[in-house]
Every structure is written in structure tokens, then in C-alpha cells.
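One chain comes next, on its own, written as C-alpha cells: the form predicted on its own.
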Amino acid sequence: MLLTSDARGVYPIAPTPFFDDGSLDLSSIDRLTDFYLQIGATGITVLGQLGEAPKLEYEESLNVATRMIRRADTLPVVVGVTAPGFAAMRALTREVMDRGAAGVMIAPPNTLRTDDQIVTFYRQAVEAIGADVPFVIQDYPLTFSVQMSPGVIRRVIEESPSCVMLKHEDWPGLDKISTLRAWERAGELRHVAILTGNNGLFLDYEMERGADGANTGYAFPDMLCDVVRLSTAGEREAAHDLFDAHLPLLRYEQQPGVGLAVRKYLLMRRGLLSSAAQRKPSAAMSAATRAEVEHLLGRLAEHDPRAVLAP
């Protein structure tokens, strides 16, 4: 089940569950995977930026990815393989592909500054992992400090047939989506899937600009599935209404530093994680932050019953 440029829908970014002592919580991986299947996700991404991948040992990364691949069964699983060097990237890629991964996601190192450097990096990455492995460009300048213009993304797509998806996380980035889709309509660029991140902060309008869905990790991925479905069906105002109800919590969860703590807390409150623990170094939630999150949940519950959670 290899990833193709026809990918659509929602590929939730799965967190890596830990117990309070920092050890891997494999049972929570199973619960998360079952939940993603239940809500209508069309794929899953594991070991992403907020999957705490840099904090894992190699064997742990392999175990987490393998567990989700085997549990997901009918869903394509994309594995983040970003690494400081190509040797580590190649090793993890070949292992997860052998175990059934659909493709891999690659983010650029923050040392890249020019368009030529970016294009060269992805060319060399393909040489390292193999041209038979479908890959996703992760365009997240707010975190990686690498600015990819539509032109440089076009060059990567043109040079690398194995590039099948763009994970679009630029901000502002709506016009970037429009530019890429305009080139496609004009026959100047082959089609690749565009799934968006940034915690879904602009998903409603990203869908209208031509995105194919979401690839992010909000604690209510079932809402993301609904917004994508409504948008695809042309139910514009219903999509915006549902999105607007979640926007305050989306915004709160997207805060740098504490955002992952908030997301894991919410997933624990939803019964999907045994613990909200992160592996150190990590940012903890203060009592005030927890109270604010509960307040936001209460307000959201007035519009979406999924936010009605047991104490």
C-alpha cells in the first residue's frame, strides 16, 4: 500500500505515548490507531515533528512505527525519517518500508538557505533512501527556518518522481497553495497531494484553495475529518461553523513550547493516552494552563458533544 499523489482526507500526526517514567506506552499506540480507524482517517503519520522522534532511540523509533503499521492494517502509514545525516535516514526508511510503511516524510535541515541547496538536499535524500520510496516534503518554515518558495517546491517535484505529497505548513501560506494548483491546472506541474499542518489553524480556507486534506495532530482529529468531508461535499458554511467552534482550542494547542503538553493532556482526557507524559526535555502544563484548557473544553462542549468529557 504505497503512498500516491492521489492521497486525500486526514492523516493525523500521531503522538508518541509514554508512561510517566518515560518508557514507551505501546497499548496507547493501539488505542490511538483504533481511534484513527474509527473516525474515518484516510492515513496516519508517525514520528512527525510532534511525535518526539528526536528523543527516541533507533530501535524505539522502529518499534513505534512497526506497531502502528501493523495495527493500522488497512490505512497507509507515513513515517517521519528526518535525520541529521542520510545514513540514519536510509536505515530507518528501508526498515519501515520493509515492514509495510506507505512512504516517508522528510523535512529539510535548518542549514539550508538557497533554493539550489534545498533542491540538492532532496535530490540527495532520494539517492539515499531509493527512488522507489514515495516521500512527502515537509514545508514548515516556522520550525525548520527553511523558506521554500512555490518555485523551489516545483523544482523538487519535477526532479523527483517519488515525491507524491507536500505537507504544507507555511504561514501565511494560502497563496502558495493557490500558486501550485494554478500551475497544475495549466499543465505546468504534475499533481501531488497537498495536505496541511499547523494544527489545522487555516484548514477551512486551505481546503478552498485546493488542499486535499489535513496532516496534523490536533487533539480532535475527528473534527478535522468532518471539516474535510464537509468542504469536499461543498457544504461550505457547515464546514466553517464546525471549524470556528474549535478554533479557540486549536489556537491554544498550537502555542510553541506548551502545545504538545496541551495536546497530550487532551488526548489523555479523551481516554486515548494512559498518560500525558512527554520524554524529557519537555515543557509541563501549569495549574493555570490546565484550568484554561478545561475552560476551553467546556465552551467547546456547547457546540460539539465530543468535548463533553468525564472529569
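Note that the structure is predicted; figures quoted are calculated from it, not measured. From 1 onward, residues are counted along the sequence shown.
Here the subject shifts to the form predicted in complex with another copy of the chain, a form of this protein not shown in this document.
None of 29 to 37, 255 to 263, 66 to 74, 268 to 276 except one has non-hydrogen atoms within 4.5 angstroms of another copy of the chain in the predicted complex; the exception is 255 to 263. Residue contact with another copy of the chain in the predicted complex: E237 places a heavy atom within 4.5 Å of it. Although the partner is absent here, A182 sits far enough away that none of its heavy atoms falls within 4.5 Å of another copy of the chain in the predicted complex. With a 4.5 Å cutoff on heavy atoms, T232 does not count as touching another copy of the chain in the predicted complex; it lies far away.
Put simply, D204 is close to another copy of the chain in the predicted complex: some heavy atom of it is within 4.5 Å. Shown without its partner, the chain has V258, R279, K280, P281, S286, A288, T289 in segment 257 to 291 as residues with a non-hydrogen atom within 4.5 angstroms of another copy of the chain in the predicted complex.
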